[in-house]
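Next up: just one chain, as structure tokens, the form predicted alone.
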Amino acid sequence: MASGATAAGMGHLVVMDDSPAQLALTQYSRSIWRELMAQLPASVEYQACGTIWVAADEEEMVEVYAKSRICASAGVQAEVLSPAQLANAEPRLRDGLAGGLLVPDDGVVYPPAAAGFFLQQAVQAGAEFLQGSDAVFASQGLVRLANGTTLTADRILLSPGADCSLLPGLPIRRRKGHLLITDRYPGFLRHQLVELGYLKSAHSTEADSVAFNVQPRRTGQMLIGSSRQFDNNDAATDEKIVRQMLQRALAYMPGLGQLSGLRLWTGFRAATPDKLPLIGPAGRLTGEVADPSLWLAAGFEGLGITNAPGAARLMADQLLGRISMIDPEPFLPNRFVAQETVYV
């Protein structure tokens, strides 16, 4: 359970504004996480540490002010930081940075434990949990597992992560990433730090890229990223990419070079062409004729843990015929039907 994209990710609960739809879903989902804070067990390691988007120069400060205006218009609390305020907030950042944007209500969780919490809630509500055998077929109300077990239901929800072998026609590409976790250094870092250049990296859909992204864990460890590679399905670590990723991190926070790394791993994000997930009935994405039994929650790329509760609410609303808190239309899978899949 939670051994794929969930286990590999950082667990950053972040409001993102690449598009109005992305902003709406991440803001909605983050609000649900904050509602759940009191219920989450200690193992989930929830921290309301906030995010600082770090600007290296005046050109990136233009982006800081633009993000600040978007946050203000959406009711997201954010504060522009001067160079001195940035240095006071995170004194281990290098000198000479232009400033940043603090989003204080962003947070961090440990994704496998968070998934376990949601699973436990589902089981307590009456769900039956099966594990140990992959689904190898799903269509027309029937699911067949590799061990020969068959399951039937009027509606089948598929959430495949980055493994789309069950539905190879989905408009999803795997995007490889690397992360490194350090030994324990309590107090070294206070906020999740992300360079503004991360947005350029995230928008790139062809070239390999790295960006400074470091996260404090409740254990006192630091999680260092990040990298992005398309069309590299080898789970082995790429020494060249790792070296570039760490050099980028040291360029922003030189003191990271004095820390001991404990483990390095890779994972795969599930990316769609428009950077929005697929939430709702699969429709004709699964074939020439729509299969009314198949529903999708897929293609979350690096925002799966952020958007998990919001996506679940949207899905439940659709299944039960309820009105949603946000517009579900931008996330419906049928938006890709009869369109050529183009990554830009």
Partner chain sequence: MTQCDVLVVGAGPAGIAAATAAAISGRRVLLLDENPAPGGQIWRVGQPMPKGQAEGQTAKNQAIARLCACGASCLFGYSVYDAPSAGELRAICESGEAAAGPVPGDPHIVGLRYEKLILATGARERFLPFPGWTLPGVFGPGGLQALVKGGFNVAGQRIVVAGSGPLLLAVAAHLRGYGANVVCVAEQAPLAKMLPFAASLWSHPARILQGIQYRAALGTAPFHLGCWPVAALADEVSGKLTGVRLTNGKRTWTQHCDLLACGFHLVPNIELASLLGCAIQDGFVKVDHQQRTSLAHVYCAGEPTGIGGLGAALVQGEIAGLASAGKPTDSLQGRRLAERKFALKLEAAFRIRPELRSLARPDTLVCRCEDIPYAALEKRSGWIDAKLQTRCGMGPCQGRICGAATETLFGWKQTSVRPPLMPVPVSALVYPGLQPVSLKEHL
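Positions refer to the first chain, counted from 1. Here the structure is a predicted model, which is why all the values come from computation and not from measurement.
Keep in mind the form predicted in complex with the partner chain is missing from the figure; the text below concerns it.
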- Query: Considering the partner chain in the predicted bound form, which of Val123, Leu151, Leu262, Ala84 comes within 4.5 Å of it through any heavy atom?
  - Reply: Leu262
- Listed residue that, although the partner chain is not shown, lies within 4.5 Å of it in the predicted bound form (heavy atoms), from Pro104, Gly141, Pro112, Pro160: Pro112
- Just one of 249 to 257, 75 to 83, 93 to 101, 208 to 216 has heavy atoms within 4.5 Å of the partner chain in the predicted bound form; which? 249 to 257
- Within a 4.5 Å heavy atom cut-off, is Glu239 in contact with the partner chain in the predicted bound form? yes
- Query: Does the partner chain come within 4.5 Å of any heavy atom of Leu130 in the predicted bound form?
  - Reply: no
- Does at least one non-hydrogen atom of Glu63 fall within 4.5 angstroms of the partner chain in the predicted bound form? no
- Message: I'd like to check something about Ala235: if you look in the predicted bound form, is any of its heavy atoms closer than or equal to 4.5 Å to a heavy atom of the partner chain?
- Response: yes
- Task: Within 4.5 Å of the partner chain in the predicted bound form, which residues of 170 to 184 have a heavy atom? Give them in sequence order, or say none.
- Result: Leu180, Thr182, Asp183, Arg184
